[in-house]
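Read the single chain below, which is given as structure tokens and is the form predicted alone.
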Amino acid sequence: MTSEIIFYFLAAVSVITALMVVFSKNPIYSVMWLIACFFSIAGHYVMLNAQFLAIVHIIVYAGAIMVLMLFTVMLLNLNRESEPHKSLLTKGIATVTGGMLFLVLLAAMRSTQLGAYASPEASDAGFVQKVGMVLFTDYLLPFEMTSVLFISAMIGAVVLAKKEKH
């Protein structure tokens, strides 16, 4: 019973903080809400008996990635006065794209089975050796592609932050 209460509490915190990321006016507050969301997701990992994944999640995402995002937000200096206004066509395309994403999410949710939460049995699913074996055998290509994605994102942030010479 207590594990269900903790699960629903963490789920509510995750959803609320994720919504605050989207609806915050200040980008710095969005980053801070995202850190809180990452901590609640790490709580889910602990409940699944995957303590190693929880710690790595906190170190990698809340530590390293969020610091990079915070620096990127500060470098871009997102002021309302200097922000270019988007055309109606751009806003319409963004709305249609968001609606299509929402439909895909609804279709994915429709095919899942919702049931009662069951606490997992003690297993070695979240331990270092098991995670390392799966990561570097089954998921080696996505792991390496993610590193290339992070490098390209950092290069893009530097290019966007660089001042143009006139």
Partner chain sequence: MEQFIKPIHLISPTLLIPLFPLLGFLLLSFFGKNLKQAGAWISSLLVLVSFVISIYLFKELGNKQSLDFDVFTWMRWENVSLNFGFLIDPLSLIMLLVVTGIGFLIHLYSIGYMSHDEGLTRFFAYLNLFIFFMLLLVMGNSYLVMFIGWEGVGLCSYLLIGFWFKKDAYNDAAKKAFVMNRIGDLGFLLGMFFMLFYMGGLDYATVLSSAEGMEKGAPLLVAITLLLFVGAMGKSAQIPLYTWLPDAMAGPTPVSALIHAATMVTAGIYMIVRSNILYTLAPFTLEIVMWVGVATSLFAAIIGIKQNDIKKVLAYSTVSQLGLMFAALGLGAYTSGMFHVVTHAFFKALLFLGAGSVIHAMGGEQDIRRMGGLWKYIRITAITFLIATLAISGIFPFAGFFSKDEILAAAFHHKLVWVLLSVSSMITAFYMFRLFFLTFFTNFRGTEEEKHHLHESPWTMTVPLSLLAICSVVAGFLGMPAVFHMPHWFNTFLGPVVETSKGLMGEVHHMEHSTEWLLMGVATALAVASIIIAFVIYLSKKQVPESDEETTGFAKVVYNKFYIDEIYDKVFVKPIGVLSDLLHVVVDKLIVDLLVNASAWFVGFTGRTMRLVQTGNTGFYIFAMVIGMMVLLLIQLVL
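Predicted model, so just to flag it, every value in this text is computed and none were measured. Numbering follows the first chain given and starts at 1.
Another form, the form predicted in complex with its partner chain, is not on view; read the next lines as being about it.
Participant: Which residues in 93-107 have a heavy atom within 4.5 Å of its partner chain in the model of the complex?
Facilitator: The stretch 93-107, when checked against its partner chain in the model of the complex, contributes I93, T97, M100, L101, V104, L105, A107 at the 4.5 Å heavy-atom cut-off.
Participant: Closer or farther apart in the model of the complex, the C-alpha atoms of L70 and L101, for a change of 3 Å or more?
Facilitator: Their C-alpha distance grows by at least 3 Å in the model of the complex.
Participant: I want to verify one pair: M69 and L101. Are their C-alpha atoms nearer or more distant in the model of the complex compared with the form I supplied, knowing the change is 3 Å or more?
Facilitator: Relative to this form, farther apart in the model of the complex.
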